[in-house]
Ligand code: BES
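Given next, in structure tokens, is a single chain: the form predicted on its own.
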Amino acid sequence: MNVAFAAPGQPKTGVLVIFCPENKKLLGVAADIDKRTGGHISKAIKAISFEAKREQILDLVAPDKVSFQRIIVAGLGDPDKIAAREVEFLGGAVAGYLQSAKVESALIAADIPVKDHDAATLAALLASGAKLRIYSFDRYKSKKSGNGKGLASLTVLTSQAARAKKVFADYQAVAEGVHFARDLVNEPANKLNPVEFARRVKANGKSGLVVEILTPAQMKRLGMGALLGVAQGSANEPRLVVMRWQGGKRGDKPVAFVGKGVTFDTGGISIKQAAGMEDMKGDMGGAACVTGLMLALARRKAKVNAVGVIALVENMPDGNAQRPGDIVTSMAGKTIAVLNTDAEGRLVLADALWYTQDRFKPKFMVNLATLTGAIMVALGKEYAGLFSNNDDLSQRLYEEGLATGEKVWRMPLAPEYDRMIDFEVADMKNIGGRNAGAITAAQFLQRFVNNVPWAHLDVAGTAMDANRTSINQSWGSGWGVRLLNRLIVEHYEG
């Protein structure tokens, strides 16, 4: 979808979207059209008792006295209670309606009365929400959805068109990162194995990312026995991919993001039930987020040094697969008894986290992983689970989660839980029992961060098949790209 910005006074035709607050007082373009048409809009609003609740839609045939064919009135609710995130969601809701109505080109009058936000930012947020919403994954359909028809062009009318275009450039870069993450999660596992995933990341080097790909031989020399143990049952080789963006001051420590990238998870020898196993193509949602984030940082030329590390494996029950009871040695030199081969994500992340902190000495590490079903038992699909050894980092993630709508909820870490993964014949075991499953998984990961400020986001409920929103109707959500980008913008960029 192409997005443009223009001044309200320029003559326009086609479909126009205007906003109506719940007090029914029309402003800007809407008020001008209503006045020129003898109250056409306000009469229609009154006639059907349009309440103007947020995201409520009224679709009108335009009167003869204006150049538009249709006028779509979108409810704004109470402008005094709208946050920036909700403006973005409003743009998504409008775009969703236009898409379903098979509107190919439209204009949005962005002169909405929202406190503490200038016109350019509001216009950019509306466009961002629309951009995020207009996404589909139909590359494997012989007949494309809508026969190719959809919202192809959107012009946002604002008194600060030139500045809005500049502000939107960063939002567009983030939206592109979200879309790329969604693409990765939506791909079937026969098309996206670890080698192909790494190849697609490498292609993003054109954006300015420096990409390095480690092979199994290199990982073996580094001692990544935990990661390689998970991969040994698959015909598809594993890869460890490092993405670097150098947009900050030379010598500044980077911020680091680590993603679990299990491109398909059968559970290995501890095989999963057949029902629902097809969803395990999305077990690389953490790696997809890290990839989308790094692409967004590069495309918007973020003023930060950042590194993204994704560990890519496939967990299969081949005759060479690791067995329950096997003991592997991690890059940290710690031994792990693999009591359940379906608790593989923490094994993969153990080596990736240790590698990241050891090589890059980052300011902090945030890892993302579709790690446990237990986190959905606790939080459903509304929040990702947050575990951390650092209060400041946790608070920042919590606040930026509220600001973006990608919400996190902090869960406990404590020595009492840590004892649940100690083991008599190895340094630790990879499961802690039935109780506190998401917590013991996080306790396991904490053993490989070496006191670096760190947060673990368990995104099992949010990265795939998550609750649909006004800015996302896709199975693969791209969750986390916007959250982590905002974390960097607000606290680590400059």
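Numbers for residues come from their place in the sequence shown, where the first is 1. Only a predicted model underlies this, so the values are computations on that prediction, with no experimental measurement involved.
Beyond what is shown, the protein has a form predicted in complex with the named molecule; the following relates to that form.
- Heavy atoms within 4.5 Å of the named molecule in the predicted complex belong, among the stretches 189-197, 329-337, 415-423, 280-288, to residues of 280-288.
- Annotated contacts: Lys24, Val29 and Asp111 are all free of the named molecule in the predicted complex [non-hydrogen atom within 4.5 angstroms].
- Within this chain, Ala124 is remote from the site of the named molecule in the predicted complex, having no heavy atom within 4.5 Å.
- Though the partner is left out of this view, Asp342 does reach within 4.5 Å of the named molecule in the predicted complex, counting heavy atoms only.
- Put simply, Lys272 is close to the named molecule in the predicted complex: some heavy atom of it is within 4.5 Å.
- Proximity of Glu314 to the named molecule in the predicted complex falls outside the 4.5 Å heavy atom cutoff.
- Checking Thr158, Asn367, Thr370, Thr356 for any heavy atom within 4.5 Å of the named molecule in the predicted complex turns up a single hit: Thr370.
- Checking Arg182, Arg239, Arg346, Arg133 against the named molecule in the predicted complex, a heavy atom within 4.5 Å turns up for just one residue: Arg346.
- With contact defined as any non-hydrogen atom lying within 4.5 angstroms of the named molecule in the predicted complex, Met376 is the only contacting residue in 375-404.
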